[in-house]
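The form predicted on its own is given below as one chain in structure tokens.
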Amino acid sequence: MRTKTLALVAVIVGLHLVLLFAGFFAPYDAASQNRDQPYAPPTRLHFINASGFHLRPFVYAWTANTSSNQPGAYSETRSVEYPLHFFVRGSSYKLVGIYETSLHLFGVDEPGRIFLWGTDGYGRDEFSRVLYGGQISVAAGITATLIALLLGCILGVIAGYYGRWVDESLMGVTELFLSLPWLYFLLGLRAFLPLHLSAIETFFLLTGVIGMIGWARPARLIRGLVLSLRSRNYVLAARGFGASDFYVLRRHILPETFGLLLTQAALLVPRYIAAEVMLSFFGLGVTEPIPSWGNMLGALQQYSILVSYAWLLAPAGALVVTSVLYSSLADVFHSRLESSLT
């Protein structure tokens, strides 16, 4: 069990590191266009040619099939091979938004191109855009979760510790937020706010709206836990010796809520990532040319694109994988929380 938990944590940490250093792992800039290769299918890696087997994989260039009127009809030009190289120089980017460099994990020599997950309608590398888009979507989910848990923790602790009219008032507001149709309320509220905003303003607006809507459920759970904690013998003893409310909360109450907060965080992050994806999918979130998983999936609103270019579903696959990993982590935290409380 411990080995599986460590493996799961390692995979999640690895996923976030890949997204954090997306510029290094992505072979191309997310906005770099190849107008002569729209909807190019994923590039095939080859190990065998006419001379035999090669340890270093290589690729062939895609050539558009001029006999077909539909974009995405390509064939390999096998006259020139482009070996895959590691730790190559390419387009410049800022590592973690600070250090400017042009080092990439892999790439091929010009004029060759390597599109691991194909291209979109503008010839932009889908693999690179999924990595860069994951920075926006996952960061939005994590930031919104921190906002929701901060508000939920503060209000839940206050309601559970002081009780009486404070508890009744705060829980009344909580019930109101829980009864709201969350999806329609989020769409309506975001549509009411200004649409023409910069990318940074849109990001913080999204995370703020999502986080401030989602605080109610964590607050209710924490309030129930604090109600139980405040009647325990060591808390009553501390108060009997004259300990202040601040000391009791800091020393005895808040540390006991960390397990519940971690479980809620693992549950809320994928939910809020999906919220950002949904808003951007409908054009209410982060917009082009900055990629996010939501606006990348927006092209699939056209049925002809959805059924013709399956590789454009890559952001949905990334969302599913991320959600499954976080759900598995939530199960681990939940089982540990139950064992600690029993």
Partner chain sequence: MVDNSNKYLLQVHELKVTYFPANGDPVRALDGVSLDICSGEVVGILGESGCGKSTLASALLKMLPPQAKCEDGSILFRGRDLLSLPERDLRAIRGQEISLIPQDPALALNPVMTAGSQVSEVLRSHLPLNTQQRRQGVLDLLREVGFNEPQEIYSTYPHQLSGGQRQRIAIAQAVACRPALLIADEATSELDVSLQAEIVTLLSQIRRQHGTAILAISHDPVFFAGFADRMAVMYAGRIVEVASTDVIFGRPLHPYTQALVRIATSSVVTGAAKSARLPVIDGETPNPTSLPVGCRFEPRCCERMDVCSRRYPPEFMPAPLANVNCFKYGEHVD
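Numbering follows the first chain given and starts at 1. Please read these numbers as outputs of a predicted model, since none were measured by experiment.
There is also a form predicted in complex with its partner chain; it is not shown, and the following applies to it.
- The contact with its partner chain in the model of the complex, taken as any heavy atom within 4.5 Å, belongs to Ala237 out of Leu103, Ile200, Leu178, Ala237.
- Checked against its partner chain in the model of the complex, the candidates Lys94, Arg78, Arg89, Arg250 yield a single residue with a heavy atom inside 4.5 Å, and that residue is Arg250.
- At a distance threshold of 4.5 angstroms between non-hydrogen atoms, Phe241 is in contact with its partner chain in the model of the complex.
- By the criterion of a heavy atom within 4.5 Å, Asp167 is excluded from the residues contacting its partner chain in the model of the complex.
- Checking 210-218, 104-112, 227-235, 132-140 against its partner chain in the model of the complex, the stretch whose residues place heavy atoms within 4.5 Å of it is 227-235.
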